[in-house]
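Single chain ahead, by itself, as structure tokens, in the form predicted on its own.
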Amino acid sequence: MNFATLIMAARGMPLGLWVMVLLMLCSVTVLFSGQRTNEDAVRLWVFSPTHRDLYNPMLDRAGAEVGVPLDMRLMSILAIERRMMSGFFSGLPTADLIECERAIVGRAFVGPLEAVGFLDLTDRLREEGLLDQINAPSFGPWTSRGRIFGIPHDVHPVMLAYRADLVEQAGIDLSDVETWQDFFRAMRPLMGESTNPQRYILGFWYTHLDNVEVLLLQGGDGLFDDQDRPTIATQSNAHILAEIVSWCVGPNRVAADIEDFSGTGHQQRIDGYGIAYLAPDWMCSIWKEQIPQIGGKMKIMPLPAFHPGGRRTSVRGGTMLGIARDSHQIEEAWKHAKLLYTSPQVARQMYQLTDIITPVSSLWNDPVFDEPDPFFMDQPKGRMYIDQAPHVPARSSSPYNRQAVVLLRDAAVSLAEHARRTRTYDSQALQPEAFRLLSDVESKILRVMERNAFSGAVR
């Protein structure tokens, strides 16, 4: 059948069918125009629309400097995880460069070092001086058994953000606060004498697994050592678990269950139901976008320590850029990675758009980090986060870390139930039970690790 015959045959088609055919042709045209690829390009997968927008202005320059264009694709974290793992373990095609979030990267490290799908960057980073230019603790989540498999995108130090309008109206001075005990003592008048307070000092709950990990990293021993061996059942961790559960139980509790990202949680922040919150740098931009009503009422300060002289910050979240070990353009991918992750332009715009500070310490002298932030009562917020960056705790890249955090949350729930059942609200009195529960968590993780044929290499 030739084209003329087709036209003649189509003359009798109903108008609705014509419309459907035209829409289909338009859809196919748009679909294929969007999927056009440059076979010579270095392929990059990103999961964040914000990251894509940051990198877009760099693409032409990067392509010119490297001599090979960059083909960037936005995908969901889940899609990246599935395609990345399929590529690493089954030989299916992946991107040359993969941006990977901390929650999923551990799966790439489950086998022996020689089987990790990311290229070992340790020697390159050392030879080009980048190990000295990038904040050392920020390599932790991307390091397995002493080898580094990604360039860190961020630091994500955690500060304490609080409703300064309420605190200062009450005449409370936090300048001498050093420990959590100091903080709760100073803030206690804001809760009043009622048995049913209208506000609580801290928006935190023992079921918030990410924030439980934040505090355990701040004051405890973490969950794994640098060889990915579990360090869950320690007296230090038991002390922290007992302490943070004691904040949430009993007649004198000081914390309230306020969710990080829900509308209800945001309204409770607006209402001042919770006064202080654990705030990684990226949380600032979320609040600015989603709850501008608290703008100009907030301030930040270093986290109170669990003991005098203790750590005043922690860390939450993180992203890296890694090179697929089987890439056919490793050198070109490495050049693109350095341009994107060490660029002063990207670092400055990342802070201006997302409040995220760069891990490249040689860029920390940019005046943008000293600018007063009206949302935080004109504090130089960027500089305050940078001051804490070298002190963020080391983190593990263990593939079992997420599972351990979930079990840790379950242990916190059991400890809270024990406290209520036995009316034991003092943290010291709760510590033996906390240690017993953590020992159970560590045993469960060890049993899971023992099922791994390569566990001998990671324990």
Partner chain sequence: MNLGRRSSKPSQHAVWVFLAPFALLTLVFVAYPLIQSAVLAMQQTYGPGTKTFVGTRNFTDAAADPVFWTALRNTIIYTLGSLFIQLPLALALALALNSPRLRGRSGYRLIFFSPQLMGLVFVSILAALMFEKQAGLINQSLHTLTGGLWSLDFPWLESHVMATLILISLWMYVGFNMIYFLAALQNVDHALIEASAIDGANSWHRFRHVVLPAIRPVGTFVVMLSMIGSLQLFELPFVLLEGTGGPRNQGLTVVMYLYQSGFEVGDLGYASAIGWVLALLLMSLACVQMWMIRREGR
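Residue numbers count along the first chain shown, from 1. What you are looking at is a predicted structure, and each value in this text was computed from that prediction instead of being measured.
Below: the form predicted in complex with the partner chain, not depicted.
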**Q.** One residue of V360, A108, M187, I300 in contact with the partner chain, assessed in the predicted bound form (non-hydrogen atom, 4.5 angstroms)
**A.** A108
Q) Of F306, W364, Y273, W282, which residue is found within 4.5 angstroms of the partner chain in the predicted bound form when only non-hydrogen atoms are counted? A) Y273
**Q.** in the predicted bound form, S343 touching the partner chain (heavy atom, 4.5 Å)
**A.** no
Q: Answer yes if any heavy atom of T207 is within 4.5 Å of a heavy atom of the partner chain in the predicted bound form; otherwise answer no.
A: yes
Q. Is L131 one of the residues lying within 4.5 Å of the partner chain in the predicted bound form, judged by heavy atom distances?
A. no
Q. Quick one: does P112 come within 4.5 Å of the partner chain in the predicted bound form, counting heavy atoms only?
A. yes
**Q.** Which of 329 to 337, 160 to 168, 282 to 290, 256 to 264 lines the interface with the partner chain in the predicted bound form (heavy atom within 4.5 Å)
**A.** 256 to 264
Q: Check each residue of 437 to 451 against the partner chain in the predicted bound form and list those with a heavy atom within 4.5 Å, in sequence order.
A: R447, E450, R451
